[in-house]
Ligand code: GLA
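Take a look at this one chain, the form predicted alone, written out in structure tokens.
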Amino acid sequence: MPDTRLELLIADVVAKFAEKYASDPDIVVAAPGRVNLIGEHIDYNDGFVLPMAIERYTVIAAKVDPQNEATATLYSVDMDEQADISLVDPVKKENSHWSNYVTGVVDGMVKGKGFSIPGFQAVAKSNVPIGGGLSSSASLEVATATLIEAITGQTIAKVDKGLVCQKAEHDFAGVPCGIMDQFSSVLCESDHVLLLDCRDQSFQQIPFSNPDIVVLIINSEVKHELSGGEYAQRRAQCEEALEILGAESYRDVTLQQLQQKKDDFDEVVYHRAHHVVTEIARTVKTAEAMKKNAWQTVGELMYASHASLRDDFEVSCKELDVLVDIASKTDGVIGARMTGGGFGGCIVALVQGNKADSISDSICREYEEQTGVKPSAFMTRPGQGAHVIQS
């Protein structure tokens, strides 16, 4: 079934290009955001993650500009702003400017991969929600890399493309992310989730084969201001635990080994390690259950993941817990958990498709009654990774 939202987004971008540059684009590309079904806070601990592309995309339309060989002119519909980016010596802008994501990819393709990019004009627009932990920045980065491939007629391996985009986020946006966001946008396939091994960057496409199940994403619309350093602190605690265990990787640690050494740990550090070890196991079990269409098992593992993130890793918050609790008591919900870094943002739920609208309305209404905050929600099936629409 065609994604009408993507079709409308493409039409909008093409129309805006024609209005802006008085011609039609030659190239149109799209790259999705993503949601992680399970495997949270273990990407930096050599774990597995299980993301899928969402049916929300960044679309870029472009045309080579022979009058301006060394510059890319990109207009962002969302920001209502134009950026001129050097294709010879890309320079990072100050103040976390949105164009840094694009500039970083240009830099990586030119300096890291030897691309010679002709000047071009482009228009970009996205319907990936910003600030909800659904990787809007990665979708822009990957769309840019896909556009550069289409403009030059050169391609690089998909994994390399993901790494170029990750480096752009590190160096030009200042965000030390793992590989999941960019790899998801590059590698995900329709009607599949991606089992990604964050230790060796290998991956499997796991069929999401039941058409009667959809993914419901609900944004709590809260983001708590933290006292500072929570993520770095947890990362350090995970590393401390690994040292106490005398292991090089959490992949070499069993739950039994961890429990045997419990007396050697500070209580908080033990709980951090307990989350990592059990979440790695849950993610693998979830992928296996999905292969067997064992959806009740998938749901149980999602709830267990949320409990671990709440109690062991302590990255949930009242609003996320309320959403998951309401979901767990709602008929037609198979499983739910917080997704993303935590302290606000979204939950992800698997729901019966024929009840999805009523489920979404019911959860959102009850959440607003309990918290006074109006959430936002949308449904999606696993979307298509980055692709060229027109060239």
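The structure presented is a predicted model; accordingly, all values stated were derived computationally and were not measured. We number the residues from 1 along the sequence you see.
Note that the form predicted together with the ligand isn't included here; everything after this is about it.
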property: Among 354-362, 337-345, 60-68, 319-327, the region lying within 4.5 Å of the ligand in the model of the complex by heavy atom distance; result: 337-345
property: Residue 55: touches the ligand in the model of the complex, heavy atom cutoff 4.5 angstroms; result: no
property: Distance check, residue 178 to the ligand in the model of the complex, heavy atom within 4.5 Å; result: yes
property: Partner contact for residue 231 in the model of the complex: the ligand, 4.5 angstroms, heavy atom; result: yes
property: Contact of residue 46 with the ligand in the model of the complex (heavy atom, 4.5 Å); result: no
property: Partner contacts in the model of the complex for 4-35 (non-hydrogen atom within 4.5 angstroms of the ligand); result: 34
